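The chain below stands alone and is given in structure tokens; this is the form predicted alone.
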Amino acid sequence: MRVLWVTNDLPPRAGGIQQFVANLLDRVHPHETVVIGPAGGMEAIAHDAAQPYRTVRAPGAVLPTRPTRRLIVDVARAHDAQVIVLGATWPLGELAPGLDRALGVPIVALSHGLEAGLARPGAGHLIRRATRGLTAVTAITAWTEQRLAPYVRADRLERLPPGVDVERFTPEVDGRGQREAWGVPPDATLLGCISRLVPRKGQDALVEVWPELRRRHPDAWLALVGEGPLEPRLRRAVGRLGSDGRVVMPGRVPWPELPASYAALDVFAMPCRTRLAGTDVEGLGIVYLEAQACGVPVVAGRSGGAPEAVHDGVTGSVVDGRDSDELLAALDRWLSDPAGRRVAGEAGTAWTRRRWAWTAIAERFASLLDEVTTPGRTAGRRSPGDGPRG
């Protein structure tokens, strides 16, 4: 099947959506795929050269503009594309009606937390407009599917969660070298968050409760791994803790080093919270799945579909990211119980392998592409609560 992807979220840029897209690209018709992605420098050139698919870099960002539409039409015709996949429903879905008229091929779009945040009174018209010309839209969780259903105008709404490469993210990965690189003692209890440094993720809440956690756990360290607009504020807050605060901020971790970064931790925490009147929401949280696959218990915030990424009370805890007392209690529980961490870690590894492995998710996506491109093979639109296909 000849597939054309159009996405503004593509490695080597870091982020959960980028990894979602990259994993599907690697596993679903990679040798018959062409990707239109955003402009990039030397790092992007090196990344693209190593992939089994061909990448066409746009002059700038991939946005719903006339130049982008012309580029898509030209590449699709040259590739003789049978289906177009949009890496995000909004705003790229705005391109769909024009592409449908010019090319006449089915168009499938992925949705994420942003689209679910827009699916509400006052902003839902953006989702209606972005899904008018689509054949199918995917939703990453039951929560996002329920939010999107009243607004999606595509023929189909399908559940397609992101997954975990369980061959890379495993408890067998050694994190000792990463600890050493971060300056964390090998015998310390290490709490960490690996994510973009943005307000929704809740790294500031971790810094807020850290002094009390340090009082209760004098051997504990905190690692805030990542980069983003919240970084200057976080560094100021960490600086106020003093030279003995035992907080490290090593910056962004390259993709190959991610498994070792999770393996370096004893507890992973990202107490995300919904912001901006519901428009800034966590769709799922791939980082929770990656940490659990590595055998690390997690503490997740109660935002959007994030609770679906944790088996609450078994592989970790779900808390209100705005409630400092609740967050403190959950972190204290896991930091205080090495045996409980081991049991939760084993459960998390088994759970992610059983439910979130990329192999099964890629097969589900390949089936969807096959269905929308095969004449006469159609499926009725699913209603929220039907559960995942397959």
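Residue indices: 1-based, along the sequence shown. Source: prediction; values computed, not measured.
Just so you know, the form predicted in complex with ligand GDP exists too; it's not on screen, but the next bit is about it.
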item: Listed residue that, although ligand GDP is not shown, lies within 4.5 Å of it in the predicted bound form (heavy atoms), from Arg120, Arg233, Arg176, Arg252; value: Arg252
item: Ligand GDP: the contacting residue among Gly285, Gly192, Gly202, Gly295 in the predicted bound form [heavy atom, 4.5 Å]; value: Gly285
item: In the predicted bound form, segment of 258-266, 149-157, 180-188, 208-216 with a heavy atom within 4.5 Å of ligand GDP; value: 258-266
item: Candidate spot Ala139, Glu308 and Ala362, all three touching ligand GDP in the predicted bound form (heavy atom, 4.5 Å); value: no
item: Non-hydrogen atom contact Pro11 with ligand GDP in the predicted bound form at 4.5 angstroms; value: no
item: Arg302: touches ligand GDP in the predicted bound form, heavy atom cutoff 4.5 angstroms; value: no
item: Close approach of Gly226 to ligand GDP in the predicted bound form, 4.5 Å, heavy atom; value: yes
item: Heavy atom of Ile17 within 4.5 Å of ligand GDP in the predicted bound form; value: yes
